[in-house]
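Encoded as structure tokens, the following chain is the form predicted alone, with no partner shown.
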């Protein structure tokens, strides 16, 4: 019995030692960041900017691979099944916390199948419409929607996307109905908004700030508590007449469950360094977003935040009766 206990202890110590040695050599090759949405969208942009800054600290290249589909769940499932060696990580937005309520058959556990690395940013959303929409401000916009119940087309980037969630909350707040038009990504949805095929979106400023600045679409309000430096002329929802409507879109980084803690710590520290980078901060600001504070770019903070968000969104989604197969 004593010999068996000693063997178990020796094996455990050997595994810990091997993990530490492995972590000391990490990283020794390219790290892949899985983004569960199409290239060019908000999550893709945030991931690429973050990867560029993290590469300098880790002294290796971080490349982005887009694995879109099913509201981000296809990419998430791939990461959940990936080898936990630190060479596959995952950047997702708020949709990682809403998936359990949206999908009846989820192929992974958003908490149990991943190791949190840290939060990346907090982003705003904006209610925007096609350029020729007959409303000059949010009040006129709301009045027009209510007067044309069921006739207004609301575009989103697909079930579970941030634009879907924001649109759902907006519809609930107005107690009216829209004709929802889901797309396979933010890019195609924005293209149709620019072309006038759909009426409006509630989408991340990461995606629409440049279009707003160029005057290609109408912007009625941002969903933050204060105006954005990147869009100083766009009022907040509160200023525009909807004081209880705020939505923040966050992104975060994860690794597959079982990735050694020393590697998670290295990745988290590299993320924290990246978020201090002046160039990254400016690029985020240009998009109406900002990096999280250093204490939030940690595994512990992300773990707690994810659980809070799952608990928050679950009842909202179930009450709305929105589900995906």
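Numbering follows the first chain given and starts at 1. What you see is a predicted model; the values in this text were computed from it and never measured.
Form predicted in complex with aspartic acid (ASP): not shown, discussed below.
- Between the options 128, 222, 120, 162, the residue in contact with aspartic acid (ASP) in the model of the complex by a heavy atom within 4.5 angstroms is 162.
- Interface residue among 185, 116, 235, 84 relative to aspartic acid (ASP) in the model of the complex, by the heavy atom within 4.5 Å criterion: 185.
- Of the candidate stretches 292 to 300, 38 to 46, 57 to 65, 276 to 284, only 38 to 46 contains residues with a heavy atom within 4.5 Å of aspartic acid (ASP) in the model of the complex.
- When contacts are judged by a 4.5 Å heavy atom cut-off, residue 98 does not count as touching aspartic acid (ASP) in the model of the complex.
- Shown alone here, residue 253 lies farther than 4.5 Å from aspartic acid (ASP) in the model of the complex, counting heavy atoms only.
- Contacts to aspartic acid (ASP) in the model of the complex (heavy atom within 4.5 Å) from stretch 196 to 228: 203, 204.
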